[in-house]
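Next up is one chain by itself, shown in structure tokens, the form predicted on its own.
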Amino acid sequence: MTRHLDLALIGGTGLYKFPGLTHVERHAVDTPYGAPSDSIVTGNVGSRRIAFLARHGESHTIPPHRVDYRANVWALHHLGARRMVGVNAVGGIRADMGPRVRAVPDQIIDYTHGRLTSYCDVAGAEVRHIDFSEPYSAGLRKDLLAAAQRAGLAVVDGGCYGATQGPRLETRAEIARMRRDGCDLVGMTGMPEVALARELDLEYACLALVANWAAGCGPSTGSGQAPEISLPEIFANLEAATAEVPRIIASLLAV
């Protein structure tokens, strides 16, 4: 089954539905890799057709290390997607990557383990050694940044996303190591999603929403220590950052 889709959107923590869609349809897609995280919703943003999938399920029941990334990406591709934006909740490491910041990273380092990371892992599948030196699609990154600018929303251009296993948050020592490695953001769902998209020749860009300072990062308290991570603050920051995502996507689709 292939149809015309202008964009596929994968929503992360805090983004479980895409508001304002018209001509909505729901699709339960069977894949060779298992079931996607939830049914896929297609609908119109203006005259443009998009597909939306909640990465953790619409009730957030799937932890990051249990997401069937292969099924998710394959299902969206099967429905006709050729361009894909992954929305990811992240922690900020770099000084300008504080809570509620939006960023479009250009690099990624994979610290995950035990995940099914390739479509080559199936018996009889073609072994593809994809070029992954630039993991995100330059053209879609540029379009996403321009869309945010047209929408009047600040977005940081570039940065390195460090993908960790989850579901726990990281230790200060782990974040210190990631900082030394060159990571600017930390999240749990960036890989293998972007690599799988490359294997299917999809354009893919990440819209990272900073929910909190990573462990040991951010402004110090009076004791000289970085503030503790507060779950209520994380969810408040995510709600604020996520509220602007539809404006960015609408702007991306308007050209």
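Throughout, we count residues from 1 along the sequence that is shown. Just so it is clear, the structure is predicted and the values come from calculations on it, not from any experiment.
Not pictured, yet referred to below: the form predicted in complex with a small molecule.
A.B. asks: Looking at the partner-bound form in the model of the complex, is A89 within 4.5 Å of the small molecule by any heavy atom?
C.D. replies: Yes - in the model of the complex, heavy atoms of A89 and the small molecule come within 4.5 Å of each other.
A.B. asks: Would G187 show up as a contact with the small molecule in the model of the complex if we use heavy atoms at 4.5 Å?
C.D. replies: The answer is yes: G187 has a heavy atom within 4.5 Å of the small molecule.
A.B. asks: Please check if N212 has a heavy atom lying within 4.5 Å of any heavy atom of the small molecule in the model of the complex.
C.D. replies: It does: once the small molecule is placed as it appears in the model of the complex, N212 has a heavy atom within 4.5 Å of it.
A.B. asks: Give a yes or no for I109: in the model of the complex, does one of its heavy atoms lie within 4.5 Å of a heavy atom belonging to the small molecule?
C.D. replies: Answer no; every heavy atom of I109 is more than 4.5 Å from the small molecule in the model of the complex.
A.B. asks: Among the candidate stretches 50 to 58, 191 to 199, 22 to 30, 204 to 212, which one is within 4.5 Å of the small molecule in the model of the complex when only heavy atoms are counted?
C.D. replies: It is 204 to 212 that comes within 4.5 Å of the partner.
A.B. asks: May I ask you to choose, among L169, V156, L140, A71, the residue with a heavy atom within 4.5 Å of the small molecule in the model of the complex?
C.D. replies: If I apply the 4.5 Å criterion carefully, the residue I get is L169.
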